[in-house]
Structures are given as structure tokens and as C-alpha cells.
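Same chain, two forms, each on its own as C-alpha cells: structure 1, then structure 2.
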Structure 1
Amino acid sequence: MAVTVVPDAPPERGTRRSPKAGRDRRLGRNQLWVWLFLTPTVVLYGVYTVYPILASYWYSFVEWNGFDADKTWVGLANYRAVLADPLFWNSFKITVLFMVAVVPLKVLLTLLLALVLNSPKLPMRTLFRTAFFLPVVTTTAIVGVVMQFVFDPASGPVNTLLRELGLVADGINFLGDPKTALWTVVSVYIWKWFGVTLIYWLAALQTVPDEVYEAAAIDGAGPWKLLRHVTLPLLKPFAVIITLLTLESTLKVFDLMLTMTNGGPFYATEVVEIYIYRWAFAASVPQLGFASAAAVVFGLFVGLVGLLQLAGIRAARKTRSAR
């Protein structure tokens, strides 16, 4: 890649308090080792992440079906086409809607459960933790397929239960109806990834020092006051990080969406990644330039979310160190 081995480069200034000559010579010799150690990452990461990011920009300016070698320069035409496509905005809207629906539900529900599971007084808490974490380790694509059957309108267990309870006469077509499909995926997604956020909260709760609780208890604080005035304030910096991690992970709902609904019915669950996939790989004549333009627009949005995340973490660090 662009980086080359620089054996005699001076060591960074200010990192050593007394730059002794011997040490400098050793550092110089180390440069070779340093770049040898970085080579696997520089090469692999360069080929499979950095280059693709840059190449996406280039592809987004050409018309190209992926079969022929020739790519025709079309300037901004792909972007114009993407931004004019109501289905792109539909997929964008669904991605954001999915995020807005999942994040608060997941973050708050897992916090509630973590507070209960964290108490040493609760019997069998290890077993519970295992049960709630189990869906996390399972393969998303397979869960997606299994859920198609679980929510089947004719004989899936969910509809069977609803019928036996007398709540519905005919089965609800959870995944076949545009009105319910997205919400069904939302609930399965929360179910699938609930355990991760739960473990995040449990890890955060472990950082609250015992002494704080003991001191508050001596001052006569009951469990409710302990929660309101001790636990929750101490969790605040973690809340920012956990919310942002959850938010960012919802952008990767591709596997579950594709296997459960394939973006349907009538594009009701088509998130941006499925939109890209449809134009780049699932179409009979792939439109790689067009798909790349959509990917770049999506990438800018993800970058924005990432910036928000870094800013949030920095703010959280500040509140923590200010205490």
C-alpha cells in the first residue's frame, strides 16, 4: 500500500524524557520490526477496507454491470438517480425507523432486567443470564429462517397460541402483511440481541464500588433511593456508550431482514443494505455504479452516526473524570 518502510526515521519528539543515544539507535533498528508487525494489518485492511471505501467513490461515478470490463463515466448521474428514487428514500426511512424503534426499547428493557439480575439476592441468576444470552450466539441467518416458520399464519406456534387463547379467529400474517412485517422483525431483533446489551449493563453495574452503597445505606437510604440517587447517576457515562453501541449495531440488520422477509412485502422492510444488495447482486442486470452511489450516501450517514458516537463517548469521559 502507500506506506513504506522508513528505517531511519527519528523517534517522535517528546515521547522520551532523556533521549539517550543508545536508545535512539535501538529505536531505529526497531522500525523494521514495527512495519513488519504492521504489514498484515496494513495489507489486509488496505485491500479489504480502505481500498473498498475509496473504490466505492470511483464506482459511484460510472455505469457498470459487473460482467463487462468497461465502465462508462457518467458523472453524478448515479447520485441523481439514487436521490430521485423513492424506494431509496423508503429504505433510508425504514433503516432510521428501525433504529428509532429498537434502541430505546432494547436499552431500557435490558437495564431493568440487569438491575434485577445484578442483585445477589436473586436465586438462579446465572441460569437466567445464560437463557437470555443464548439467542446472541446463534446464527442470525438461521434464526431468520426459523422465525419465518414460528410466525407462519397457518401453523406457526405464535398463531397457534393466539388461536388457542381465542384472541384471533384466523392466523395473523405477521411477515406477509406490510403493516406488521417491520414490527415483527423489530421484536425478533430485540429478542436476538437482547443478551449483548444486558451483559453491557451488568458489566457497567460491576463498576459501582460497594463502598458507595454501604455509605448510602448507613445514611438510611432505601432500595428506591439507592437506585435513584446512587446507581443511576453512576451509570450515566455507560448509558451513553451502550446507547451508541446499540444504535450502531442496528445498522447491521441485513442478515435477519434478508432471511426473514427479503425486504418485502412490498418493500416494507427494505433497509438500505438490502436495497444495495438488490441492485448489486440480486438483479438480473446488476447496476454496480448505481448501488455504489447508494452505498456512498449510506456510508456518509453511518459516518455521521460514528462521529456522534465519538463525540458522545468523549462527553461521557469528561463527566466521569470531572467527578
Structure 2
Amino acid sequence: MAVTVVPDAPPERGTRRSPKAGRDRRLGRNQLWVWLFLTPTVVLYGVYTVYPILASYWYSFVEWNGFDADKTWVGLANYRAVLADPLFWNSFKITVLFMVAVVPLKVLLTLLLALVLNSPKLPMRTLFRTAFFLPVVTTTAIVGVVMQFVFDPASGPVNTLLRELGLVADGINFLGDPKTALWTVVSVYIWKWFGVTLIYWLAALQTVPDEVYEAAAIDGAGPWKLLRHVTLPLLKPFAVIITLLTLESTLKVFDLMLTMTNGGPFYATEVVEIYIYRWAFAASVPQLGFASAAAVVFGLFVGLVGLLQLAGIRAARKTRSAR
């Protein structure tokens, strides 16, 4: 007897979903949630970062005091005035001098301390790492205000200690003397941000394989030879990146310098950021166009530093890939 096979009935429309359509819907929902969470960040970044940068370029071509509605187009006059102002070049020189003084000291001192704190034989090394990182989490403006009391020539603890030790007869006006003010801020800045560079070096030291140390020790290498022929050569790519990161960070010293010296005495510590702030907000008649032109010129300098950083990172990657 012949058997008739009845095929299954086709699925009704809407009862089965293809896997591709399901993945597309899930992907769409995920992207929606991603953009929903990113929207506040994008809006705030646009309002407080992108818009001020673009507005600075526009204001640099006009004469405007920030209060009147009228703005007068002056073309490149603000740029010519900035480049002809000796105080701008003085602030630029102090900015570069601050950077040159801080970067080598901070990079070398943190490297030495990281080598010590990376030793497994050191007791309580976690406690020491935390202690050196604590100043990083303190507010910079508060640190600047406190340092005014610390370095007070009459009753500050630094001058009190110097007098107790018999090193000085009268208190030293560290922040009021043009010869010492900048170097005092340099020392405080290094102390304040010491922990960040220290963390960079400690992270770099974790990448050195223990097998390399063990093989070198079997060959008779002592601590000095391990440091010279193993550790330091392997840290070279990190040294380039850490140096450039430290160099870039020294360009952001506005809050510490403003609270400790306000650019004084006699413009001895006036970095470019304070120069811009003085013309934009602290002058009796603010000159936002002039200050914006100075900000654009300084921004171009920061951009050059950024390009240098990119070149350094690329060179470091080539060095690591060639090993």
C-alpha cells in the first residue's frame, strides 16, 4: 500500500525569526544604549572643551572686552600684539624653563625610587607606594594655599627648621623672592605629582620577565650588572613614553602656580597660562581677543609637543617589536 507523505506546514508569518534579524536587533539595542550613556559626556565635552577651543579662534580675530555685545574685527592685529609683547615671551620662557627643570628631575628620581620599591625584599613596600601616591589625590589648589603657609618666611615650618638648625638667621622668602619663587614651585610640583610617574615606572618594571633575571643571575650577573644590562635596556621604550607624558603634564601648572605665587613676584613665575588668564579675566579691562590670540599661539606649541609625543610612541613601538 502506498504511503502519502504530507509535508510540514510552513511556519506562520511572525512566529519564527531568522538568526540574522535577531542579531541585528540586539546590535541596534546595544548601540542605542551605548549612545544613550555617551550622550552626557559628548554634550559636556562639546560645551566645555570643543566650543571654547573653536570660540578662541574666532575671538582671536576680534577686539572684545567680554562685556559689550559689539565685537570689532581686527584680523591678525591681536597676534601681532601678542608676538610683540615682551611679557608674553617672558611667560613662554618661564614655561619652557619650568618644563626643562621638572622633567629630568622627576623622571630620574621616580625611576630610582621605583627600582627600590619594586624589590620584593623591601618590607612594607605597598605602604611606601601608597605614601608617595597620596599627594596626587589631594586638590592642587588646596596644596598651593597650604604651601604658602609652609614656606612663610616668618612662621612657616620650613624657615623655622632652618633657623633651628642654624642654617639661616632670618627667614627666607621663598615665594616672594624672584630668585627662589620658581624653584620652590618646581619642588612642590615634583612632590605633588611624584606618584603618577612612579606608577608609570612600577608598571614598566612589571613587564621585565623574571626568567631574564634568573638566566642572567645563573651567568653570574650581580645587582649592578642586572640593572645596567637587563633592566635599563628593557625600559628604554617606556622611558621615551614616560618622559613625553611627563613633559606634556608640566604644561598644565596653572592652578598650582596661581595659588602659590599668582605669577609673581615681578612676573618671575608667570607661565603662559597665567598670562592668558591675566589678560582675559584679571585685567581692569579684559581683552578676550588678545588673550585668545595668546591661547592659540600657546595651543600650537602644545600641539607640537603632542606631535613629538606621537613620534616617540611610534619609535617606542618599533623598538619593542624589533626585540
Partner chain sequence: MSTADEVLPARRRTGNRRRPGNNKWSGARLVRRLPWWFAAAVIAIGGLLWIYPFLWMVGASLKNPLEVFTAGLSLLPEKAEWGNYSRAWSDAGFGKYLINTVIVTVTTVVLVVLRCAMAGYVLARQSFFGKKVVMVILIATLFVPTGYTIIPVVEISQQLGLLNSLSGMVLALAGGAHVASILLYLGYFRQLPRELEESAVIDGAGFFSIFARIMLPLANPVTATVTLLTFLGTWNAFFLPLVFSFSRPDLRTLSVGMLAFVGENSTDWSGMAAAASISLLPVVALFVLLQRYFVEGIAGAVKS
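Each form is matched to the other, and the largest set of C-alpha atoms that superpose within 1.5 Å is called the rigid core. Predicted, not measured: the structure shown is a model, and the values here were computed from it. One-based numbering along structure 1's sequence throughout.
- By the stated condition, namely the form predicted alone, the second structure is the one that fits.
- Comparing the forms between the two structures, the C-alpha position of Pro265 differs by less than 2 angstroms, with the core used for superposition.
- Once you line up the core between the two structures, the Cα of Trp35 ends up 2 Å or more from where it was.
- Once both forms are overlaid on the rigid core, the distance between the two CA positions of Tyr51 between the two structures is 2 angstroms or more.
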